[in-house]
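Just the one chain here, laid out as structure tokens, in the form predicted alone.
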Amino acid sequence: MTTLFDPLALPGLTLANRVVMAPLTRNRSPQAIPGPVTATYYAQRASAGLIVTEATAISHQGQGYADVPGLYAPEQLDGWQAVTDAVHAEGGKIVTQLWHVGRISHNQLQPDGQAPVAPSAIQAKGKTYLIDADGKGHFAPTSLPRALALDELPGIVGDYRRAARAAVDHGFDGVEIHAANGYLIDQFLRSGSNHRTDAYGGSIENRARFLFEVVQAIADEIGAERTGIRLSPVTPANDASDPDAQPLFEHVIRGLARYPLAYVHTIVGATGGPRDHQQGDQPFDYAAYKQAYRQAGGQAAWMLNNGYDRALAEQAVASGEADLVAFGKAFISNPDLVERLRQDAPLNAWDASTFYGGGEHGYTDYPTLAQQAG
């Protein structure tokens, strides 16, 4: 019987176990530059089979929150090189999550104070994170976006391509395309945020066009075997909505089967909320969604995320429902989460007040089992 702690060979790399550190925004990269404390943070968690970094902006336009890292300036890439070196020195594997937030941003965070961009000029019912002049962080409503022109889309696809190349050139084992949680790619997918009438709006096929262009560009640049993708079929995060999620995401997943991706990462239910959340009249059928992928020839490892504890994760892997299980907040407060799961040891409680912004407290100072025993 397969367990959480068995190795897994992906097309581009071999993982020591099936416990994945999920991407977790921490807002500790001033000027979008990951610093030495970030290298320490990820190296502490290198026993994960795979680390997926916090979402990382592919361009200045792609930024949506204060003090989140980027992949578009030399000093940012130098910072990430130190991170990947530190993780590899501890025997870990790490990919970065490529991020363009689209409308989930604020004029204050955009180049020259411009409006954020989106498929359509529809303001999200959501908030972003800003830093005041006195250095204190707070959440603020997102700004009204402008609709992207057709001739701008190839440039954004190019930003994804360049960011993927920069990532692997600076030590990452691969990349994860962030196509979930109401950010730019997800905004194109969903009818609630995409009211376009051109080749990127209207039908499911048109709304999925941008996603497939991004996947194709990244696969061409670094290889599909070093590429994963994250999807969230029914999450309401960041005002994501579509009443017909099943046909939309079955179309998406069948299209992804064309590429020999490393993995497909699916958020079950509402991100950080109920696993049985649904949009529209019917519950989402995750088994049918996975079956559509496999029947279309998709071979990527199947990663699931959201609300998994040890028992649920073990059941998912043992049954074949998942090849990998991603854990989020538990990794914040338990740098040695894999060992704690292996021993069925108690977990450290997390301090939610330190999730976003700050320094080492609540970031690199959670103890391991060995430290607690010593």
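Keep in mind the model is a prediction, meaning the values are calculated, not measured. Residue numbers here begin at 1 and follow the sequence given.
Same protein, other form: the form predicted together with a small molecule, not shown, and the subject of what follows.
Is there a non-hydrogen atom of Gln97 within 4.5 angstroms of a non-hydrogen atom of the small molecule in the predicted bound form? The answer is yes: Gln97 has a heavy atom within 4.5 Å of the small molecule.
Any non-hydrogen atom of Val19 within 4.5 angstroms of the small molecule in the predicted bound form: The answer is no: Val19 has no heavy atom within 4.5 Å of the small molecule.
Counting only non-hydrogen atoms and a 4.5 angstroms cut-off, does Thr128 reach the small molecule in the predicted bound form? The answer is no: Thr128 has no heavy atom within 4.5 Å of the small molecule.
Might Gly328 be said to contact the small molecule in the predicted bound form, defining contact as any heavy atom within 4.5 Å? Residue-level check for Gly328: yes, a contact with the small molecule.
Three residues, Ala55, Gly272 and Gly307; all within 4.5 Å of the small molecule in the predicted bound form via heavy atoms? Yes, the whole trio is in contact, each within 4.5 Å by some heavy atom.
Among 158 to 166, 178 to 186, 74 to 82, 287 to 295, which stretch sits within 4.5 Å of the small molecule in the predicted bound form, heavy atoms only? The contacting stretch here is 178 to 186.
Taking the small molecule in the predicted bound form as the reference, which of Leu341, Ile332, Ala66, Ala43 has a non-hydrogen atom within 4.5 Å? Partner contact (heavy atom, 4.5 Å) among the options: Ile332.
Go through Leu153, Leu109, Ala217, Ile267 and name the one with a heavy atom inside 4.5 Å of the small molecule in the predicted bound form. By the 4.5 Å criterion, the partner-contacting residue is Ile267.
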